[in-house]
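One chain follows as structure tokens, the form predicted on its own.
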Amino acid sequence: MAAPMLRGCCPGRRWALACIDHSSRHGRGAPTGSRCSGKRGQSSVAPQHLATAGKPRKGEHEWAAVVGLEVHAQISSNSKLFSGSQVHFVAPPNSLVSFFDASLPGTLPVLNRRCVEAAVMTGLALNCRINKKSLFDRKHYFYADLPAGYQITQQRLPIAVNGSLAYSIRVGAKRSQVINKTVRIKQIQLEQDSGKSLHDDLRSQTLIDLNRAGVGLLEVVLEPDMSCGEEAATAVRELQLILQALGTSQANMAEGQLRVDANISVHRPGEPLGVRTEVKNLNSARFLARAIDYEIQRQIRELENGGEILNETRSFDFKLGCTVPMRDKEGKQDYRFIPEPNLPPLLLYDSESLPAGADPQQVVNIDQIREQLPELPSVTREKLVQQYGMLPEQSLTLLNEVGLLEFFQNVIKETRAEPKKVTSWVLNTFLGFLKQQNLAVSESPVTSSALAELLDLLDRKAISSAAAKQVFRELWANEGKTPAQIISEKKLELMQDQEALEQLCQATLEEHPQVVMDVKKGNPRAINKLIGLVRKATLSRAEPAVIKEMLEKKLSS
């Protein structure tokens, strides 16, 4: 590699929290309110609240929407892109800032090998062409959290181009149909993150934290191949899964490790594309979908009412459910891109072009990285379908919920129950309880071992399916108890005395002659009522199928 890989910067230098007085501040727009935000250019104009997108209005089917995305993913690396400063989310403000991060005169960038390898690995996983020669550029703009007055990025010749991202969306009344789609990837480029601005209007000041300044980012530019919020959110979620599988980014949106800018426009089919707006800094897949769908409806309303769409940057107010103007783009900012003078071209190699005697620590071998690619989510889903006989939509859900696949696999390892039964319990019962209480898999009071034990008891016919559901509810409410303990305490064991069960069936028939008459007249629901009465009498300790068989035998005799 042309740039030296060994660090020469002073890591971990501590800097005082900088304070900017708003009265002398210009540039990307003053912040509003007393909230803290890392977002730039918050508009001081109060938002005009518009109704969120509901049912399509008359004539809206005559419009076509176009959505493109720019995704910024923080690279999983111990140090920053061009300095030796550590990367740590919860560090005290300005505690991880080197001389280079603070842009002190005379400091020089030293390229992080790990970040380059992460970019190559991501490009390969997304079917990109890796450029053996890529260039770094300076993108100039002035803001308090960018001390150098420019960002080092890759404008002219990025590290990877012309890729594709395949994703699947669920459609239909019950969302049981899976449609496969593909979005083109224009490019993947390496660039620096900026610092964080903490706005406080109450004191008319902005505090600057440079811990994030210089952290390595992968900017993944997706072509405008999508048409709604759900497609965009699903594509971003798939990209998130790929980055996590590769280990190139933790992609935790809640911690700002994955941020999305959405470009949206509408036009009538057959006509030129409309004027686009950009919605910045979306850090949730759900908010991304809501923001895009709202913006599509807003643009349609504006055009149908005789207005025009401004080429502007907007933000999404999740409390109001609408997008809010930040700044217009009519006078496009001149970033004055120039080649980065302190970084030579980034040279990569494959096995054929690798120089003889090259130092392995100073070069990156594309073929070697290709051989190290782990299993991607799409392959994992295919294996789940083939190995366990589950439906494609079930495999989608298993991977889309953080930690759910690992939970499922742990249950499979510890139980003798059939995989289809495990799949049903994990996706329906377990996941249903999680969603009811808005919990993550890691927060579940029911462990994979406890569920495996419960399914073993059910598989051995020690309890009925109804009793198993009751045991699960008890497990959820009484963390620490085992299924066996709950079954013993609640006396939920399956009724083994067939003679006693027959007597209960006979007693139920004698006590409900009218229901018996309905059964004999051909009412199909009547037999279910009898089954329910017997189950109630057994405290759900008998299987419905066994009860039905006994009842039918007695009714026919």
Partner chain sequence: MWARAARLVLRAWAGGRRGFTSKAEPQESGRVTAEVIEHLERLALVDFGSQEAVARLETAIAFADRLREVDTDGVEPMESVLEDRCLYLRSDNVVEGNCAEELLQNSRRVVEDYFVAPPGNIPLPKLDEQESFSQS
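Everything numeric here is computed off the predicted structure, so don't read it as measured data. Positions refer to the first chain, counted from 1.
The form predicted in complex with the partner chain is left out here; the points below concern that form.
Trainee: Can we say 93, 116 and 198 each have a non-hydrogen atom within 4.5 Å of the partner chain in the model of the complex?
Mentor: Yes, the whole trio is in contact, each within 4.5 Å by some heavy atom.
Trainee: May I ask you to state whether residue 341 is within 4.5 Å of the partner chain in the model of the complex, using heavy atom distances?
Mentor: Although the partner chain is absent here, residue 341 would touch it in the model of the complex, with heavy atoms inside 4.5 Å.
Trainee: Can you work out whether residue 167 and the partner chain are in contact in the model of the complex, taking contact to mean some heavy atom pair no more than 4.5 Å apart?
Mentor: No.
Trainee: At 4.5 Å between heavy atoms, is residue 143 in contact with the partner chain in the model of the complex?
Mentor: Heavy-atom contact with the partner chain at 4.5 Å: present for residue 143.
Trainee: For residue 220, is any heavy atom within 4.5 Å of the partner chain in the model of the complex, or not?
Mentor: Result no; residue 220 lies far from the partner chain in the model of the complex.
Trainee: Tell me, please, which stretch of 368-376, 289-297, 407-415, 209-217 lies within 4.5 angstroms of the partner chain in the model of the complex when heavy atoms are compared?
Mentor: Only one stretch passes the 4.5 Å heavy-atom test: 209-217.
Trainee: Looking at 473, 175, 420, 156 here, can you tell me which has any non-hydrogen atom within 4.5 angstroms of the partner chain in the model of the complex?
Mentor: That would be 156.
Trainee: Find the only residue in 161, 285, 111, 396 having a heavy atom within 4.5 Å of the partner chain in the model of the complex.
Mentor: None of the others qualify; the residue that does is 111.
Trainee: Would you give me the residues of 411-426 that have any heavy atom within 4.5 Å of the partner chain in the model of the complex, in order from first to last?
Mentor: Not one residue comes within 4.5 Å of the partner.
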